[in-house]
Every structure is written in structure tokens, then in C-alpha cells.
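Single chain ahead, by itself, as C-alpha cells, in the form predicted alone.
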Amino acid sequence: MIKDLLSILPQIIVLLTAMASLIFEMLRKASGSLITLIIGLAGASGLAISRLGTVGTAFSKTFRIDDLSLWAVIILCGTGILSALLMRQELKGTNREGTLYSLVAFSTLGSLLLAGSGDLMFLVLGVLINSLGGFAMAAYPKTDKATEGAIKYFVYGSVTGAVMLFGLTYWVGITGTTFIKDLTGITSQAFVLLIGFGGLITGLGYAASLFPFHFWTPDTFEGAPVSVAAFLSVTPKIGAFFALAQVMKDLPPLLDWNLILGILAVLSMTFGNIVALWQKNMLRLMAYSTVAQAGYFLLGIVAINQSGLALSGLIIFSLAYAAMNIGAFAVIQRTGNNIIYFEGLARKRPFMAVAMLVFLLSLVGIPPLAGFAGKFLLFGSAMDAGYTWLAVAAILNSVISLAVYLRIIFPMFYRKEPIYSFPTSGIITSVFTVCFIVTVLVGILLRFLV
């Protein structure tokens, strides 16, 4: 028991951090709640870094200690800290501010459970904990738009969660256990496996904003505080895709699961990029961008059992995605959520404009940035696994995404005078500067990371 507890110490630290932050909120000490969150998540992340390369299981093989679960701690704890700083800037002094920091820790914990899932019940528990925190954070402002977005998030979450649970019961029925590894022993009943797979994709696809389970995403992002939207765009998605990778390692090849995932990837990339082309609200644009990026994640999932590049690609792209997405949302939080607010930004705030340029080009996959490094590995893994058509579709979609982001980039640099002005913020500048450094360095130092 003690060995098991020590094995999952990073996750336990995140749990204790969430509880401690909640206690500070009960004492009406929001700053104490924030400081506790930062120290706790930084400690968990540092511990995970020291354990990189460790492989094992905990609690009768229900939780996996591997690269996916450890990198999830590193990436998502960093995301939680940066998101909480943005929340501090945006919502400082509001009622129940400290609750947000506690919810950040609880929601992060849900994604960490997903990333290390060795048991079907951890999949359900992870989605549940992750989503409950997200519902509350999305509804925080108590405005009509926030309430509408949170209700859609809740309703979609309830329905897809029920479908996932229903599907997974079929897998439990044919294996007699809830262990994911026991799926490998199934040699028949492909149709029953397909029902479970459909339920799994529905539940995890909702958390990951994957087409066609993404419909909550634009309205929830638009209604929620920008800092909350930033958090929701990263943490649930990475947790869900790491969980899907854990399942795909053990899913017997009775059907062509990769073909199903490949089709979903193409649909998600294409739908997200095309709809983003005519968005004027930056939060809705980023929402459809995150739908498109979900498709790229699936390339690594498709190749997870056939290419040595797939795991590295998933991890590097997740790290890149977290940095460039949080950075872009930080800039949006400073400038405003209408696309015209970016006109002439380079004249007024040149470093902020350059940082936004780097984040957007990284989302496209332009070298030598982090997004390019991640996509390069993901495209290579898909081709290694024999899915060249999928890599070609992903490259074509990257071209479409360039058109999406050029709508922001050109006015930002080629309009002579800015239309709108806004005050500076040290916290936001610090957040997007950290993201800027990570986005640049991950691409340059790729050879040392894989």
C-alpha cells in the first residue's frame, strides 16, 4: 500500500493542493489559495520530472506509471499554474475567487487520472472530476452567456458521460473485469468491442473537443472568463488523449480502429479550420482552432502501436499545444476578444505582437517552433504506420489553418495605428513570456527531448 501511494505521489500532491486551496478559500484568503496552488503544482511537476523514465503500476495495475502519466503531470501542472495567474489578473477581488484555484487543482487531478488509466473506472472517474471542475469554472461570472455556456457544457457532458459508461459496460461484460489490459485477451465479439469503443470515443471526444462531440466548446469559451477558457482548451484535451492512448495500447485488432480514428481526425481538422475562417470573436475562433488541433492529436493515437515516433509526438505536441494555446489566450485576455482589437498591435505593443505571431505560427506548424516539432513527429508517426493519406490530410489542413491565423497576423503588423488601447499587465506579460520561451525552445531543442 505504501509503495503504491508513493508511486502516485504527484497525483496525491495535486489532491492535497486542491483541498488546501479550498480551506484557504473557506478562510476567505484568496491569495493564500493561489500561493498554495502554485507551490503544490510546482512540487508535483518537479517530482514527476525526477521520475521520468520510470515504468510501473500502482494499486493492482489499475494505474500506470509511464511516460504518458508523468509527462501529463509536468505539462498539466504547468498549465494549471499559468491559467491560475491569468485568473488572478482577470478575476481578482471577485466573490469566491479562491474557489477557482481549488477547481483548477481538482480538474487537473481528473486529467492526471485519465492520463494514467489502467482501469476503465479511472476513465469514468477522470472525466467526471475533470468535468465537474470545468462546469463550475465556466459558470463563474454568472452572466447570461456564462450560464448558457456552462449549461451546454454540463448537458453535453452528462449525455456523453452516460453513453461512455453504457459502452464500457459491454467491455466489462465480455472480459469480466475492469482492467484495460484484459482487453488484449478478447479474440471474438468484435461488435461488442465496437459498442464499447463508440462509448469511449464519445466520452473522451467530448472532453477533447473532438468533432462531432465539440458543440459545447464555442459557447462555453465565449461565455467563460478568458483565463478559464484557456484552461479548458488544454487540460481536459490532453488528459483525454493520453487516456485514449492508454486504451489503444491494449485494444485487440478485431476491427480497424485506426481507420475510424483517422476519419475522425480528418473531419475534426477540416471542420475546425474551415469554421474558424469566418469567426470574428477571438474566443470562438480559438474554440474552433482547438477542435482542429484535436484532429492532429489523433495522428499519434492512430500510430501508437506501430511507430516509435507516436509516443514522442504525442508528448511533444501536448507540451507545444499547452504553451502556444495558453500564450495566445493570455494575449487575447490583454487585448480583448474581438479580432479588430488586434489591428495595429505591433505599433503599440511590439513584443506582445511578436509573441502572438509566434503562438499562431506555432499552431500552424511553422519551423522551427514547438508546434512544428510536435506535428513533424505526429506526421512522421502516421506515415510510419502506413497512414500516409492521413498525414497528407493533416498537412493540407495546416495550410487552411494558416489562412485562419493570417486574418489576425496581417492587421496586427500592417495597420499603421492601433484602434484600441489597453493597460499593461505584469502578470499577463509574464505568462505569455514563459509560453513564448517554451514555444521557441521546444522547437529548437527537439533533438534533445526525444
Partner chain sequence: MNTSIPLLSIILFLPLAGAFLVTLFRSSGPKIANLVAVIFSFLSLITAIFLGIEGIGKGFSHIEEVNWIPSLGAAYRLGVDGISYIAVLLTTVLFMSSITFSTKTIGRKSEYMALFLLLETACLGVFMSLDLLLFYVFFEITLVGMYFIIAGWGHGNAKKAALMFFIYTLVGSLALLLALLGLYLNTDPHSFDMRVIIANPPTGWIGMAIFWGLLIAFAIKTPLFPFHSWLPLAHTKAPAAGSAILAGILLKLGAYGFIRFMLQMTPEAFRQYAWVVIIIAVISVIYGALVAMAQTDIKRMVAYTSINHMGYLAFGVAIAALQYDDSGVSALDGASLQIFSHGIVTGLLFLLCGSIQDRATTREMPALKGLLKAYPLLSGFFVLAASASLGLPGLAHFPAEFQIFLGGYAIYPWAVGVMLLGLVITSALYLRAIQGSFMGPMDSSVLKKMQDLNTSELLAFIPLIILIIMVGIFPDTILSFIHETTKAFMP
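Residue numbers count along the first chain shown, from 1. Just so it is clear, the model here is predicted, and its values are computed rather than measured.
The form predicted together with the partner chain exists for this protein as well; it is not shown, and the discussion that follows is about that form.
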Report yes if any heavy atom of residue 379 sits within 4.5 Å of a heavy atom of the partner chain in the predicted complex; otherwise report no. yes
Look up in the predicted complex whether residue 96 has a non-hydrogen atom within 4.5 angstroms of the partner chain, and give yes or no. no
Is residue 309 close to the partner chain in the predicted complex, meaning a heavy atom pair under 4.5 Å apart or at it? yes
Using 4.5 Å between non-hydrogen atoms, is residue 3 touching the partner chain in the predicted complex? no
Exactly one of 65, 383, 38, 47 has a non-hydrogen atom within 4.5 Å of the partner chain in the predicted complex; which residue is it? 383
Only hit among 252, 367, 173, 212 for heavy atom within 4.5 Å of the partner chain in the predicted complex is 367
If contact means a heavy atom within 4.5 Å, which one of 371-379, 132-140, 178-186, 330-338 is the stretch that engages the partner chain in the predicted complex? 371-379
Pick out the residues of 332-356 whose heavy atoms come within 4.5 Å of the partner chain in the predicted complex. 347, 350
